[in-house]
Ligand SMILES: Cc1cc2nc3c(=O)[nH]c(=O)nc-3n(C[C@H](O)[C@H](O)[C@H](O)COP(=O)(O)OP(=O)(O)OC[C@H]3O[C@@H](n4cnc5c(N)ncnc54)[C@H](O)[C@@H]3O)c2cc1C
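Starting off, we have a lone chain in the form predicted on its own, written out as structure tokens.
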């Protein structure tokens, strides 16, 4: 079997890349070891935000928001995208300078954001929140979407355009002739291709390390809780400065809430070893009921843990690798790659077919990690 481009990974980056390639007439095969959206893109809070971004990511986030605003029409699928804003909450006076800086940085970048001074100002935007708040940043152009529906919509659009999407197929290695890509070896066969895109999340290193391409990852697990459906009470995505809580109400009325990450040291994930500890779950519940008092009487219907592939500077690696011609990598999104997905797909398709992209990806070259000496914290997901 052969294909012009093989995409490894069935999350939002991989399926978006397959869509971009297929709709431009490129023969593409996507391979996913599990199910589509079964890893980070399914576990995520699924925030779609520009606020609070590292300056290097802002151009991509801005471009992504423009895509998100019409993405349901593009993919011919309701992906439950809602653009009602993001609130980063100040819980104490000590939080205020950092959150006001988020507002200042957004405004300096041409993104509308405001500081809501005091609990009354926050309640005008989000009445369901506790009155014990000092203030919040508010970026009205941020939002959220349904992660599973979005990934499936990209995959189905790619299929309609001619892509082959194969799940339950594990890639064991990337084949080369010593200089350039020749294909991939799976558990079932070798598939020949001149170009390979690796968008495999936490499993990217095991494909890249044998080629001498090393991305320093720390893998962490983030707890997630979903509640029973409720009447609409919260439009915005919530976050706090420490990253210990983030949440939103889904289109179906369920709350989707995440908490602080902890190290994960297993080799292969399974249903048990990604589950959060009771301590993690307890912290998520405590934050949830403290910030949204009505949730204290609401039942949790699902608990999960999500793995995050975190780089030392919490920025992704996106590049056509200099070591192996035809090999393109997107990994290490550090818990905030979902928003970027539509544009990441564009970039990966560009790099695979043209070797260059119009989007500014210089800050995401792998070589910059040689200079990073201090790890950055993950404070918002999406």
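Here the structure is a predicted model, which is why all the values come from computation and not from measurement. Positions refer to the first chain, counted from 1.
There is another form of this protein, the form predicted in complex with this ligand, and it is not shown here; the text below is about that form.
**Q** Determine which one of 320-328, 353-361, 42-50, 58-66 lies within 4.5 Å of this ligand in the predicted complex, judging by heavy atom distances; exactly one does.
**A** Selected range: 42-50.
**Q** State the residue from 207, 295, 181, 191 whose non-hydrogen atoms include one within 4.5 Å of this ligand in the predicted complex.
**A** Looking at 207, 295, 181, 191 one by one, just 207 meets the 4.5 Å heavy-atom criterion.
**Q** Does this ligand get within 4.5 angstroms of any non-hydrogen atom of residue 199 in the predicted complex?
**A** Output for residue 199 is yes: heavy atoms within 4.5 Å of this ligand.
**Q** Using a 4.5 angstroms cut-off on non-hydrogen atoms, would residue 337 count as touching this ligand in the predicted complex?
**A** Taking the distances in the predicted complex, the answer for residue 337 is yes, it comes within 4.5 Å of this ligand.
**Q** Using a 4.5 angstroms cut-off on non-hydrogen atoms, would residue 241 count as touching this ligand in the predicted complex?
**A** Heavy-atom contact with this ligand at 4.5 Å: absent for residue 241.
**Q** Check whether residue 312 has any heavy atom within 4.5 Å of a heavy atom of this ligand in the predicted complex, and answer yes or no.
**A** Outside the cut-off, so no.
**Q** Scan 301-337 and write down, in order along the chain, each residue with a heavy atom lying within 4.5 Å of this ligand in the predicted complex.
**A** Counting only heavy atoms within 4.5 Å of this ligand in the predicted complex, the contacting residues of 301-337 are 306, 307, 308, 333, 335, 336, 337.
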